[in-house]
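Read on for two forms of one protein chain; each stands alone as structure tokens, with the labels structure 1 and structure 2.
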Structure 1
């Protein structure tokens, strides 16, 4: 549905995007993850046709970005970083305007309007002037304008910033519900958000793609070593030492309580059953043992860490 090929974007001599390529299938939800200045917004602006790339090509739904910009614009609903709101208009007037410039005819507009206002929770404020709305509501109006023409592709630049925790959950649910029927790219700084909503994550750093993968696989790939956490009913003085002598265990550290331990184990070697056998043989009561997955948080830190050569 979305194909980005070898796209480079320079602002003057500064390279904001450096030869990035990826493709997104119909119905997928993908997150752009990256720190400030990574190039997320720039990538989105290029995909939406707001600005052309310095080099490279974009294809959306089979249309080429350069050859048929209008066809592409019809396919896309876009929520920019700053919601593009006319503060003097009411929510309804604004959505009517957006619907019209997106090419809806009056009948379509009428049927979409109620649906979108319902979906984005704008019912009670639909007659109010946008300039008088709170930030969270403005963000919703921004989302509503991206959805009004029911576009197959949604590009959402940080859709949940400025919302309170309840609203964040609502908006995430809304986005999740749109998946399948829509192809969605959203950008975020929050790893939890990417994992919660998206099927794939594209990690961008300094204008380059550092990784593209599912949230789980990404963490698996990144693990330099795996961690097991275990809790027992009782211990004895040399227990930790003996644990450390088990094959495949690299280090043992005390967990949060005296009876829990963290084992650093060699990568790619699942030794849970060996550890279990050992503890059972000592008859000290195994309460819990589990592999501790590396969170995307950790993955992100590792992947976007500057390598010494960069400095």
Structure 2
């Protein structure tokens, strides 16, 4: 549905994007992650036709970005980081205006507006002036304008920026419910958001794609060792030292309390049974032992870490 092939964007001698390529299948929700200045928004603007690439090709639903720019725009619903709202209009007036610009005839527009208002939870505020709405409702209106013409592709740039926790959950649920009927690429710097709603992640760093995978597989590939968290009822002076001598244990560090510990162990080796036997033999009481997988946040830190030469 979305094909980005060898796209480069230069400003003079500076390369904002350096030969990036990726594809997104129909119905997928994919997170586009990267530090500030990594090239996320530049990529979004090129995909939507807001700006051309210096080189490379973009294809949306089979249409070429340079050869058929208007055809591509009809396939896309775009929600930029700051929603393009007219604050003096009511929700209904604004969506009517947007629907007309996007070429919907009166019958289509009425039907789509009713459906989108219901879908985005705007029914109670549809007659209110947008400037009087909360940030969360304004974000819903922004999502509604992106959906009004029922595009197969949605481009969402930081859709939950500035929202409170409850509003973030509401917008995430809205986006998840669109999966399958729409192909969605979601730019975000919130890793919890990517984990919660996206099937795959694309990580960009300094204008280059550094990883494309599911959050789980990406974390598994980068994990060089296993981690166990351990909590006991009490300890003794040499307890951590003795833990570190167990076969398969690489390192032991203090946890969040005096009786909790983090054990770094050899990758692919499950030593929970050995640790449990050790605890039981010391008669100090085992409260909890569990594996700690590498998180998407951990993987992100590894992939976007700068070397001293980069600084």
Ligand SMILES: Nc1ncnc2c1ncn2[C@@H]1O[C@H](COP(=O)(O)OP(=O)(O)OP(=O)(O)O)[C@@H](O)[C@H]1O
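Note that the structure is a prediction, hence the values are computed from the model and not measured. Residue numbers count along the first chain shown, from 1. For the two forms, the rigid core is made up of the largest set of C-alpha atoms that agree within 1.5 Å on superposition.
| task | Look at both copies of the chain and name the one that is the form predicted together with the ligand. | result | The form predicted together with the ligand is the one given as structure 1; the other form is structure 2.
| query | Comparing between structure 1 and structure 2 on the rigid core: C-alpha of residue 62 shifted by 2 Å or more? | reply | For residue 62, whose C-alpha is compared between structure 1 and structure 2 after core superposition, the shift is less than 2 Å.
| field | C-alpha of residue 261 moved at least 2 Å between structure 1 and structure 2 on rigid core | value | It does shift by 2 Å or more.
| Rigid-core frame, C-alpha of residue 44, shift of 2 angstroms or more between structure 1 and structure 2 | False for residue 44: its C-alpha shift is below 2 Å.
| task | Provide the displacement, in Å, of the CA of residue 274 between structure 1 and structure 2, taking the core as the superposition reference. | result | Residue 274 is displaced by 6.6 Å at its C-alpha.
| task | Provide the displacement, in Å, of the CA of residue 283 between structure 1 and structure 2, taking the core as the superposition reference. | result | Reported C-alpha shift between structure 1 and structure 2: 9.7 Å at residue 283.
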